[in-house]
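Only one chain is given next, in structure tokens, and it is the form predicted alone.
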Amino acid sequence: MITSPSSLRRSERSRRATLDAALALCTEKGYGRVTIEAIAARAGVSKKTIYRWWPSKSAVLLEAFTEALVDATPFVDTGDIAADIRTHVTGAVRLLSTPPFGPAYAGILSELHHDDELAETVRTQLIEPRFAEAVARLRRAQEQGQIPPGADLPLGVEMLYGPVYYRHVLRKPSQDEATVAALVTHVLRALGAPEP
């Protein structure tokens, strides 16, 4: 069946309204108090429409968070791996520090322990693709001679993201630019990158 352009626009409008409503409610009420019913009412769509596209409120918020994260944390290649990674990590820290994204993601992470399907979705649609992009960016730096051959690039990515998520999950103050710069310097040094 071919979908008409008008129904595609209508579907995109409904999808966007649903994502925006979920994020707004998460900011206003907190993750735990957001319901599919409230999302549907705020978005002006039916619960049936939401459940046709997402199995749970966590899935709605995960899609909204993932879109925002991808936009806020590009893997640019200016030829300066330290600057590029600082920009990337700073974008992630800012997003996680900004309602509704930080609280929404904290709520999603808390649900992972109770929802195996959500855990798998987070892993396959968010974590693994972003991890692979980060490793690929480090690999390009390695090919450019900025990181030595043989460096453990996946471990380097874990070393970059670990402190960011540690602070987020434990609700510690976010890293400032100087702390992000120090983190990036330490990780690149651990990978054997020459000092700038």
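Each residue number is its position in the shown sequence, starting from 1. It should be emphasised that the depicted structure is a prediction, and the values quoted were computed from it without experimental measurement.
In what follows, reference is made to the form predicted in complex with another copy of the chain, a form of this protein that is not presented.
- Taken together, the three residues 109, 163 and 189 all come within 4.5 Å of another copy of the chain in the predicted bound form, as judged by their closest heavy atom.
- In plain terms, the part of the chain that comes close to another copy of the chain in the predicted bound form, with a heavy atom within 4.5 Å, is 148-156 out of 135-143, 40-48, 148-156, 56-64.
- In the predicted bound form, none of the heavy atoms of residue 84 sits within 4.5 Å of a heavy atom of another copy of the chain.
- In the predicted bound form, another copy of the chain sits beyond 4.5 Å of every heavy atom of residue 94.
- In the predicted bound form, another copy of the chain sits beyond 4.5 Å of every heavy atom of residue 24.
- Put simply, residue 17 is far from another copy of the chain in the predicted bound form: not one heavy atom of it is within 4.5 Å.
- For the partner-free chain shown, 115, 116, 119, 122, 123, 127, 131 of 115-140 come within 4.5 angstroms of another copy of the chain in the predicted bound form, judged by any non-hydrogen atom.
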